[in-house]
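Quick setup: one chain, the form predicted alone, written in structure tokens, and binding and motion questions come after.
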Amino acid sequence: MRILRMGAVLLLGLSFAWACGFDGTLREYLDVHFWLPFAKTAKNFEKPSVRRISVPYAGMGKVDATLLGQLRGVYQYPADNAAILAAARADRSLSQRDREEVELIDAKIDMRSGSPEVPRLLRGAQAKLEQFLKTARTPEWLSEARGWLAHIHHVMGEQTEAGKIYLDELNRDGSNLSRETLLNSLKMNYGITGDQQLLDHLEEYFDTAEHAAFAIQLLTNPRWERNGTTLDRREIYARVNGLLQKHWRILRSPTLAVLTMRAALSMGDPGQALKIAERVGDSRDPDYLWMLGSAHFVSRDYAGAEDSLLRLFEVAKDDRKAAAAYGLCGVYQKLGLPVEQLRFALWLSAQSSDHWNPFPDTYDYSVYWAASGFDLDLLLDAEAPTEALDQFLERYPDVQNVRLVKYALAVRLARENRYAEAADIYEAIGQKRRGPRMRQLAALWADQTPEGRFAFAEYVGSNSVGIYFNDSLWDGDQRYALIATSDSRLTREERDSHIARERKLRDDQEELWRAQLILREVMDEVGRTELGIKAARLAQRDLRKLSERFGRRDEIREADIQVTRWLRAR
């Protein structure tokens, strides 16, 4: 039984891992979707410092022998309420607040008894609530009544009426509806990106600037295929653009321009977005700066994108700062400035100790990058030249996580056979294993006799993943990062360059490959001597230990055949 339970747990774990997959996405800034306007959720429309109250809802107060207390009991434990309701209404001793609670309880009882399938009671409750809002004076009851009226509209499929009430209540001082309740209600009412009903009723939101901005930004949210949306972006663009021109008076000029830019970018028209940006001028609004940078990047004006994103990085205080940093990684890759690219990639990696979820809120902004950190890893291990790592350390010696750069530089120097320099770096950062290893390699490398090269190759082959492999970056997952052959977002030139670098990385970091190359040179040089035979046998062992993931399958097979024949021929 215990074995069966363990098997079930293991199967469940494997199923979960298979369902989740491995997050190996790279270079998201090469995807046009990355540069769409920030997604907006209900919380983005909440004004700061809204004062709220927290009072028990009507009918949820104390149940006692008074008529109001009995009516509360009927509400909390449903029963026939007609007689008690009539008596409570006739009780002249009740205060105005209590009389208003009686009327609100009456409407809520009808609402609770109704349903969309049998709407009579719901509509009756709606009429009572609307009348209540005209006559009542108690703030908490008015607030609650608005919330229940919005609820009736929502369950009856009347999205526009419900949404406006929820949105107004979100920013109303003295509301008795909690922030969490209102945010959840707005999300339930609209979803993440809005729907056809919102588009059909869009003009009805142009009664106030707040309603219009909310509806437009929801409709122009980035639309992920996984959400199953079927709205036509061209229809959205045409409707939004037309209504903005028709009702421009209700929106202040900067807001109007930013919303029009948003519509243009959502449609995939960066040129139009740049024209609109000229009306805005100098602005520190994060949404505007992101869209301006996006329009420049998608238009391949990378210098223009750099200016906007640097300003965004300076002014943003939330995850939009992280979006700017990752966007700048893309800008500097396109501009061929690896030192600055490394600066922002390293800043991103330093923001959280949680390697797998450094920016949990970025989905709200639509910006995404792999939590794996492969962008930084590849930059340090292959994409940035060795001299760029040197320059980075000279320019930014005190940045957070700078140890990663120093470690990567030491690995790179070892790959270039600069073992003493690598040892100096390892010792300076307190690396107690690789430092001594580099000193020994430096001494072995100094002896270029056949015997010395044999000893060097023997040592290298016996320290697989301990000399040229960067174990501070990779942990059995590097194969997920080497995807240049299948990355269709790269230009032809970029693709060829990345493929060549990935091949070079595999070769440079593989101790067994380098060891067998040296051993075969020793074989050829000394012939069928005792040293030559030892070198051949060691080379044969190293060739057969190479992983299939290394590649060069045909070359390895041919080399193995040649060494085997050489040994047999003796």
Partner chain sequence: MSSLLCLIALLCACGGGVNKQPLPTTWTTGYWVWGGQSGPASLAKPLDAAYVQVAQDEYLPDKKLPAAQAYWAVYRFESQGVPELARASEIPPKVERLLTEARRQQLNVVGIQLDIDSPTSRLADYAQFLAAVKKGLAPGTKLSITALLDWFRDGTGVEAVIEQVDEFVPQFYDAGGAEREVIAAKVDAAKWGARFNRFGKPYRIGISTFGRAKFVSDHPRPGEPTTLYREVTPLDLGSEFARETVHNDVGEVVLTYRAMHETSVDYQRFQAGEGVQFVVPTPEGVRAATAEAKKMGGYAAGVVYFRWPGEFESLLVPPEEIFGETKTLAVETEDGGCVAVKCVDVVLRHADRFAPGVVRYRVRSSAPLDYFLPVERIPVRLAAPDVVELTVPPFAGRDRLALGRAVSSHAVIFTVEAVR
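Residue numbers count along the first chain shown, from 1. Remember, it's a predicted structure, so these values are computed and weren't measured experimentally.
Another form, the form predicted together with the partner chain, is not on view; read the next lines as being about it.
Shown without its partner, this chain lists 491, 417, 115, 76 as candidates; in the predicted bound form, only 491 has a non-hydrogen atom within 4.5 angstroms of the partner chain. Proximity to the partner chain in the predicted bound form, defined as a heavy atom within 4.5 Å, holds among 29, 513, 57, 38 only for 29.
Contact with the partner chain in the predicted bound form, judged as any non-hydrogen atom within 4.5 angstroms, is confined among 444-452, 298-306, 128-136, 100-108 to 298-306.
In the predicted bound form, residue 334 approaches the partner chain with a heavy atom inside 4.5 Å. A residue is said to contact a partner when one of its heavy atoms sits within 4.5 Å of a partner heavy atom; residue 495 meets this definition for the partner chain in the predicted bound form. The partner chain is not drawn, but in the predicted bound form it has no heavy atom within 4.5 Å of residue 96. Using a 4.5 Å cutoff between non-hydrogen atoms, residue 204 does not count as a contact of the partner chain in the predicted bound form.
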